[in-house]
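Quick setup: one chain, the form predicted on its own, written in structure tokens, and binding and motion questions come after.
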């Protein structure tokens, strides 16, 4: 995974517990962040409400045959996000809703994308426009738009978007959607966003071609921005998507490497697009590499947190909320965060992971093990950690409504239910 902190994390040992994993991941750039320091960062960053759950203290969990004892202590687990005073860098007004603040820049987003996908052949046009119906959440372009405006204000410019920045927001949604089209073919999915997938309606071959066409149109739009550095940054996203998909197709036999493999795959498949899109809009307005890194790190950490929550929702939300079948990851043979944490309490999951939950009854048993464990809770704590780091990064920018909206977005990532 990109980002220097991960390479300095201690290797996870065979006997490590869920608590140890979180403690290891808490060392950013080799420097442990104390609870008091985190609280200080948050008090300077934003007014974020307290999550519903707190890390259990004194809880005892039986592990393996030896009834290994994990004593959960708040200093080892990720501290909960605290309600905070915003006097240092904020006015007393509540930060605006990120979707509302970005709405005017996203109003014609899908219409502009359809213009980029202009093609005379009716069937190909229908395939390519199928997911650009305006019913998506548009999370990625929203983040890009807010980041661009925050960076423009930080760089002593008017907050309005530059043409290239708006193009990057559009391109990010096009790359994301093309990856969904290809993912559905690979996974054999029949439902996406509450409706039949492209491969289900038109077949796999045409779906693959439609995904390719969307990517080619995004590449053309990217070239028109005319900045070679931006081209390189966003081209990295496509490479990461492919590498991440290959990582997802494989399993790690070594239990110690599974969590690292999972987080690296999560970065490549989900967070790289957000991180590099944020970095790209910063390049167009500011020449300072430190500012580029702030934008990149915010996108990376929010992106990973978003996927961690998505993995939790696969166990806690019904198909009607998600727009896709529940337990979809298990059915695809994927061991996500909740499963990997649950392994610490139920070693029987290791064999299931290696056979990718392919034996009869594996999916149901794995589901029950996860729900009986603290895997969901621990994955939520890990998502909190990434959101806190995102807040720490974005708080280095000059105060603005858009910066505050990006801070508020981290709360929305943690509390979303679909």
Partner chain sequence: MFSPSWSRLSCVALSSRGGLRTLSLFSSSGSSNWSKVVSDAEKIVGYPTSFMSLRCLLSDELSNVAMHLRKLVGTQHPLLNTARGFVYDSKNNLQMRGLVVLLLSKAAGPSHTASDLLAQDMVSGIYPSQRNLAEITELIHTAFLVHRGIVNLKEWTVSDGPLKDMQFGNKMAVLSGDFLLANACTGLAQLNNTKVVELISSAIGDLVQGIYYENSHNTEENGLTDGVDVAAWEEQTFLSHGALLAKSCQAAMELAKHDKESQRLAYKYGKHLSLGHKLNSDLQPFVKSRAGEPLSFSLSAAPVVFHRQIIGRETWHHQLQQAKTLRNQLDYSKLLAAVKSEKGVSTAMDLCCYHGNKALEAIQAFPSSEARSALENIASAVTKF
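Residue numbers count along the first chain shown, from 1. All values reported here derive from a predicted model rather than from experimental measurement.
Omitted here: the form predicted together with its partner chain. The next part is about that form.
The putative spot formed by 328, 376 and 392 is not touched by its partner chain in the predicted bound form; no residue has a non-hydrogen atom within 4.5 angstroms of it. Only one of the listed residues (130, 213, 315, 262) places a non-hydrogen atom within 4.5 angstroms of its partner chain in the predicted bound form, and that residue is 213. With the partner omitted from this view, the residue of 157, 114, 232, 195 that lies near its partner chain in the predicted bound form is 232 [heavy atom within 4.5 Å]. At the 4.5 Å threshold, heavy atoms of residue 236 reach its partner chain in the predicted bound form. The shortest heavy atom separation between residue 182 and its partner chain in the predicted bound form is within 4.5 Å. A residue is said to contact a partner when one of its heavy atoms sits within 4.5 Å of a partner heavy atom; residue 226 meets this definition for its partner chain in the predicted bound form. None of the heavy atoms of residue 97 is located within 4.5 Å of its partner chain in the predicted bound form. Residues with any non-hydrogen atom within 4.5 angstroms of its partner chain in the predicted bound form fall in just one of 242-250, 98-106, 337-345, 294-302: 242-250. Applying a 4.5 Å heavy atom cutoff to its partner chain in the predicted bound form picks out 206, 208, 209, 212, 213, 216, 219, 220 from 206-222, in order along the sequence.
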